[in-house]
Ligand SMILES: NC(=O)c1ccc[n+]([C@@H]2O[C@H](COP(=O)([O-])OP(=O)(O)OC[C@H]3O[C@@H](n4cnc5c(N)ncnc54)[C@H](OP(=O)(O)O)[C@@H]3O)[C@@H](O)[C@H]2O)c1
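Heads up, the chain below is alone and in the form predicted on its own; it's given as C-alpha cells.
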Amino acid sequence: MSIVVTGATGHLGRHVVEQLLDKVPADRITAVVRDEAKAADLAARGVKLAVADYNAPETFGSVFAPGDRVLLISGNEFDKGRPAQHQVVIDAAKAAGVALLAYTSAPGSLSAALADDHRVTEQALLASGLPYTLLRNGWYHENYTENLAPVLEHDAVVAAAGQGRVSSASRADYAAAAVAVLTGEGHENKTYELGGDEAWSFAEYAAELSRQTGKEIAYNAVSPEVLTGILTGAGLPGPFAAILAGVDASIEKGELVVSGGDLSRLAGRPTTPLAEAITAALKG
C-alpha cells in the first residue's frame, strides 16, 4: 500500500510529501509528477515517482494499486477544464480499487466562480462510490505574502473585499491536515472545512505590514471591477483576474471565514498566524 500524492512538486504537494517523510518510510510514498527532473530530490530520498499528467488519461493507467491512499491536489490550469482533469484521477483510482481518495477542495460556503470546479469534482467523487475525504481548504497566507513587492512599492494593500475577513492559514498547515488524513484512521466519507484559527481583515493586514516594515501601508478598498482592471493591467489574463476579484467579493460577504476548527484539530496544533507568515516573507 502506497500513499500517493498528485501534483507532488507543486507548492502544496511538496509540503505534503515533506511532512509524510516525517511519518512514514519513503518507499511507501509515491509522488505523481509531470516532470521527473523536478522531483529528483524526492527520488534521491527514496520516494517513488510516477510520471503522469491530468491531461493524458492513459498516463494514470498504472499509477494506483489496490489499497492505496491517494491525495488528489486540484489542478491549477483554470483554462483546461479542471473537473475533466480531476475525473481522470477519480476514474483511475476507482479502477485500481484504492482505499481512500482525499481531494483538496474549497470551503462549502464559497459561492465565487473559483468554487465551481471544486463542486463539480466533489459530485464526481461522491458518485464514484470511492471512500473519500473532502479537504475543503480555505485561503492561503501565501496568496498575499508571496507577492509583497507591489504592496511595498506603492505602500498600499488593494483589494475588493471591503471589511470582510479571511480565515487563511499557511500551506504547511493545510498539508498537515492532509497528512493526518492520509496516515490516520476514521476519515472515510468525511468533509472537513479548513481554515486558520484567526480571521483577519485587510485593514488589519495592512496594519501588520506597517508594523513590521515601519512604513505607512494603507488599505485601499476598491470595487471588483476596478480590481479586475488592476490585475489585467499587471498582466493577468482577464478571466483569471475576474475569478480573483470574485473571491474578494465573497470575502466581503464573509464566505471565507471558516470557524469550525477542523484545521488545527487535524494538524494537532494551532494554525500559523498571518503575522508569522508576513515575518517569514519579509525575511525571504
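If you're wondering where the values come from, they're calculated on a predicted model, not measured in any experiment. Residue indices: 1-based, along the sequence shown.
The form predicted in complex with the ligand exists for this protein as well; it is not shown, and the discussion that follows is about that form.
From the list 205 to 213, 81 to 89, 177 to 185, 126 to 134, the contact stretch for the ligand in the predicted complex under a 4.5 Å heavy atom rule is 81 to 89.
Among heavy atoms of residue 76, some come within 4.5 Å of the ligand in the predicted complex. Taking the partner from the other structure, the ligand in the predicted complex has a heavy atom within 4.5 Å of a heavy atom of residue 140. At least one heavy atom of residue 10 is located within 4.5 Å of the ligand in the predicted complex. Using a 4.5 angstroms limit between non-hydrogen atoms, residue 34 touches the ligand in the predicted complex. Checked against the ligand in the predicted complex, the residues 55, 223, 232, 259 give one hit for a heavy atom within 4.5 Å, which is 55. Interface residue among 45, 38, 48, 253, judged by heavy atoms within 4.5 Å of the ligand in the predicted complex: 38. Residue 171 is the sole member of 161 to 180 found to place a heavy atom within 4.5 Å of the ligand in the predicted complex.
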